[in-house]
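Here we start with a single chain on its own, the form predicted on its own, put down as structure tokens.
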Amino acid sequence: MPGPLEGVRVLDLSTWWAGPLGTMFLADLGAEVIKIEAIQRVDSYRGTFAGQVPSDKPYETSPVFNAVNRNKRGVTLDMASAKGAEVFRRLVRASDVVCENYSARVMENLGVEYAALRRHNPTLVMVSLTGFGRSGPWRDYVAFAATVEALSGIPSVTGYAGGPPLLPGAIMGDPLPGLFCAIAVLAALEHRRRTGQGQYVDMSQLEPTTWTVADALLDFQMNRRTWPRQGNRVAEMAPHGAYRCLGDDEWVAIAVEDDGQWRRLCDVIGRPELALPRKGYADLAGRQAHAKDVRQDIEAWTRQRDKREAMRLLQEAGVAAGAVLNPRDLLSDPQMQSRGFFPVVDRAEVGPRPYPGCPIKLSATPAGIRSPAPLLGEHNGLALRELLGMTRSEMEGLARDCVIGTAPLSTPPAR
């Protein structure tokens, strides 16, 4: 059954994670996404975690590149050459959307900025996902996830009490902008459906990432309060944190919202007296004031139990708890397995591997993984002949001039 975006064609110039993740969701939803790289400079994400399986093409073995480029077609095109730029303009005439996440000056330098492309396709939707947007004093600054996370304010509230700011262990500055990129495309396509008008989307990676500290930001705006760094503790819940369980580096996270949940937690751990007023833990203020003692009482119970068993017993009593799962746990987790979230995809050069699936489950127009990530230039012939009507002779000429190809002239370093 076709996906809801069948018939939408996207030219994907984006690299690394943020942009490709956004176009991945469009591809999962049925759009035809053509990923364009140059053999002179392939997507640097091809080097991330690459080379862990035997292959004479290590640039095809990056698990993260293969994850975020599934369902796409792979085309190579040297857009820095006059012939490559002209082929790209012809592809634009046959497409609906262009996504790119270069620094702000790159598209203009190539002569393929929105104003130029719009002359070839007036209904084009184009998204530029730059680090800081296409205006303002930081317009031409380069950025990676850690850069925008620092500027978004995340580390200012992440860390231990009295300690320095810490970057989060998981990257947020890429996937969040990627999701916003997909939302922007859907909104612009709906506007075009109603009006027949295309439009340009100027999006920064910084602004979507700032939403992660929205509550701290609003607290300062309204109450002039600055949040201190306090580890796993929060102001409105206690206990709130991760508690050591049976085994090495095994934990369960617990969040108690009110006094009723605290009483139920005390019953589960066999310490109902902890909920009595005389103990001093009966209300939020008391539990926060005695946070160290509360932790010791809870861990005396959790240390004797498997993290999933502790989670189950607390959840059955209506207390929010979750085992702290590592990547190994996630792949075998019964909840994830029952939802089919890690389908096995067989891709050339790496073989069958489980990949994160599509979290969007539509009842009438299913989304999901239909094909593995393309090899470099795998669909040159198919895309250029099918869309542009190129002859074999024309394509051979482009290959001789290194405008297209299937082998990189330089490879990104393995990381």
Partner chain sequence: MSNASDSTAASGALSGVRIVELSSGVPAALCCKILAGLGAQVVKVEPPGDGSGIRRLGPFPGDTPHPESGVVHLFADTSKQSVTLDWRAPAGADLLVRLLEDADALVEDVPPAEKDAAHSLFDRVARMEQRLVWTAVTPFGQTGPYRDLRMTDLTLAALSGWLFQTGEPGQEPLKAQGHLAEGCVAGATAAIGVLAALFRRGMSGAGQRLDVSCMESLISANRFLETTYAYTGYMTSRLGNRLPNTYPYTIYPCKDGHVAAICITDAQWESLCNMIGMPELLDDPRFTINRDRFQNADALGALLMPWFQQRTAQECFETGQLWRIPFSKVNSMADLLAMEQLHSRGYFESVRHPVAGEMRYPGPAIRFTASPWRAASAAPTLGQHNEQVWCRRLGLSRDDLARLRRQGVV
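Positions refer to the first chain, counted from 1. All figures in this text were calculated on a predicted structure; none of them were measured in a lab.
There is another form of this protein, the form predicted together with the partner chain, and it is not shown here; the text below is about that form.
Visitor: Would the partner chain in the predicted complex be within 4.5 angstroms of a non-hydrogen atom of every residue among L382, L387 and C402?
Guide: Spot residues vs the partner chain: no contact at all.
Visitor: Heavy atom to heavy atom, is R41 within 4.5 Å of the partner chain in the predicted complex?
Guide: R41: no contact with the partner chain in the predicted complex.
Visitor: Contact between R271 and the partner chain in the predicted complex at 4.5 Å, heavy atoms?
Guide: R271 lies outside the contact set for the partner chain.
Visitor: Is there a heavy atom of L375 no more than 4.5 Å from a heavy atom of the partner chain in the predicted complex?
Guide: No - in the predicted complex, heavy atoms of L375 and the partner chain never come within 4.5 Å of each other.
Visitor: With heavy atoms only and a cut-off of 4.5 Å, decide whether K361 touches the partner chain in the predicted complex.
Guide: Contact with the partner chain, yes.
Visitor: Heavy atoms within 4.5 Å of the partner chain in the predicted complex: which stretch among 161-169, 283-291, 74-82, 87-95?
Guide: Result for this chain: 161-169.
Visitor: Considering only 324-345, what residues come within 4.5 Å of the partner chain in the predicted complex, judged by heavy atoms?
Guide: V324, L325, N326, P327, R328, L330, L331, D333, P334, Q335, M336, S338, R339, F341, F342 sit within 4.5 Å of the partner.
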